[in-house]
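Below, in structure tokens: the form predicted on its own, a single chain.
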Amino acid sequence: MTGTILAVITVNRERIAGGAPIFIEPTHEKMQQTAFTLEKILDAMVHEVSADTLIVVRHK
């Protein structure tokens, strides 16, 4: 199974860089809400990378 990272959502700006769209949120609650919304819109899955960072991935 392969996947494509569609977005990164985080509350820790200093730890993130890269080619996918990055969403910086002020709280963990807002981070979760944004991830859930993107998951539905993009027909993808959210995975926790760390307590401060989530990624949205479309699996093929």
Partner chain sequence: MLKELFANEFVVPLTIGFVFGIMCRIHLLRTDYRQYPTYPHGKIIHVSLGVIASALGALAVPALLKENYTAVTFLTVAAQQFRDVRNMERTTLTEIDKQELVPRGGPYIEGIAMVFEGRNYMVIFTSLIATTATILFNWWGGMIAGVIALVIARKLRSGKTLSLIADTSPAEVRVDGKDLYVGDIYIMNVGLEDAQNIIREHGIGFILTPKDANAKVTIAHPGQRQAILHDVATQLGIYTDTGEPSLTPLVKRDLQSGRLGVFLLPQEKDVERGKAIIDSVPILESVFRMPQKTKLVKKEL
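Not measured: the values here are computed from a predicted model. Positions refer to the first chain, counted from 1.
Unshown form predicted together with the partner chain; subsequent notes refer to it.
- Although the partner is absent from the chain shown here, none of E14, A20 and F23 has a heavy atom within 4.5 Å of the partner chain in the predicted bound form.
- Within this chain, D52 is remote from the site of the partner chain in the predicted bound form, having no heavy atom within 4.5 Å.
- Scanning 26-46 for heavy atoms within 4.5 Å of the partner chain in the predicted bound form gives H28, Q32, A35, F36, E39, K40, D43, A44, M45, V46 in sequence order.
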